[in-house]
Ligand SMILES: C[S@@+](CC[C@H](N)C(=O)[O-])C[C@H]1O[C@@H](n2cnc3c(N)ncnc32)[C@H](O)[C@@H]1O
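What follows is a single chain, given as structure tokens, in the form predicted alone.
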Amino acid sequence: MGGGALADHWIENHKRDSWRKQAKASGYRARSAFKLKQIQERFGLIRIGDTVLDVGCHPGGWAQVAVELVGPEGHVVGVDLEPCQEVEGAVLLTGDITDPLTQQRVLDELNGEKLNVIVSDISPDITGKWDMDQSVAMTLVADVFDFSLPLLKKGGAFTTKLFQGIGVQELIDAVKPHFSSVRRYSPDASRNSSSEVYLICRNHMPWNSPKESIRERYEAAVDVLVGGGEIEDAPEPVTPTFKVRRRKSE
């Protein structure tokens, strides 16, 4: 590793340690809490009294920030595959957000209440095969959109983590009809070396939703992107040039 690379590595580790120390000093469970705080400072997505769904809530840092922002009048519901230590002022469920049983538990907890904001820091289990991991992560985000958008109020907001790579623009294009503003944002608390970026979606417009799901439109666009949607023309029929000679009957 060269001198420049070593210096960059040292700076990156120093930044990470700095955010960890700030999180610990502030009582947050993870440095990722500052990502949501910086998103909030920039875009003001969450307000006092809001109902918020926190997808991929483990270890609870985002739920802590959300509880602070909505105040006693608000309602925060979190869900994650991994059990999460309780956060005072929030209800944290354990389960797969794409599983109908878990989805019903979320609906039961909301009890007919519509969401003002959806925040998602969800990531799939990482295998180390980047293309596969990134593709699974994008599909998971599309599934989260499809479940939760019908629960989002008119004018509501949605922010989710994405991993840069194939299909990012296609997912953004699939999401755009649902909101008046959709943009990417990288909080300072994200690692410099990270490929993650956050999609900030504001002013939900439910009346503008296409018939097809976000996942359907996303997968169709990616299929075209990688060439799977191309249908080759059938080959022109070829007239054979040889003839079969029949033996004359005696």
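Being a predicted model, the structure only gives us computed values, none of them experimental. Counting begins at 1, following the sequence as shown.
Not on display, but discussed next: the form predicted in complex with the named molecule.
Taking any heavy atom pair closer than or equal to 4.5 Å as contact, tell me whether residue 82 reaches the named molecule in the model of the complex.
Because a heavy atom of residue 82 falls inside 4.5 Å of the named molecule in the model of the complex, the answer is yes.
Could you tell me if residue 187 has a non-hydrogen atom within 4.5 Å of the named molecule in the model of the complex?
Outside the cut-off, so no.
Determine whether any heavy atom of residue 30 comes within 4.5 Å of a heavy atom of the named molecule in the model of the complex, and answer yes or no.
Yes.
Check whether residue 161 has any heavy atom within 4.5 Å of a heavy atom of the named molecule in the model of the complex, and answer yes or no.
Answer yes; at least one heavy atom of residue 161 falls within 4.5 Å of the named molecule in the model of the complex.
Which among 177 to 185, 43 to 51, 218 to 226, 58 to 66 is in contact with the named molecule in the model of the complex, heavy atoms within 4.5 angstroms?
Selected stretch: 58 to 66.
Counting any non-hydrogen atom inside 4.5 Å, which residue from 122, 90, 171, 152 sits next to the named molecule in the model of the complex?
Only one listed residue qualifies here, and that residue is 122.
Consider the chain as shown here, without its partner, and state which of 96, 146, 109, 133 has a heavy atom within 4.5 Å of the named molecule in the model of the complex.
After the contact test, the surviving option is 96.
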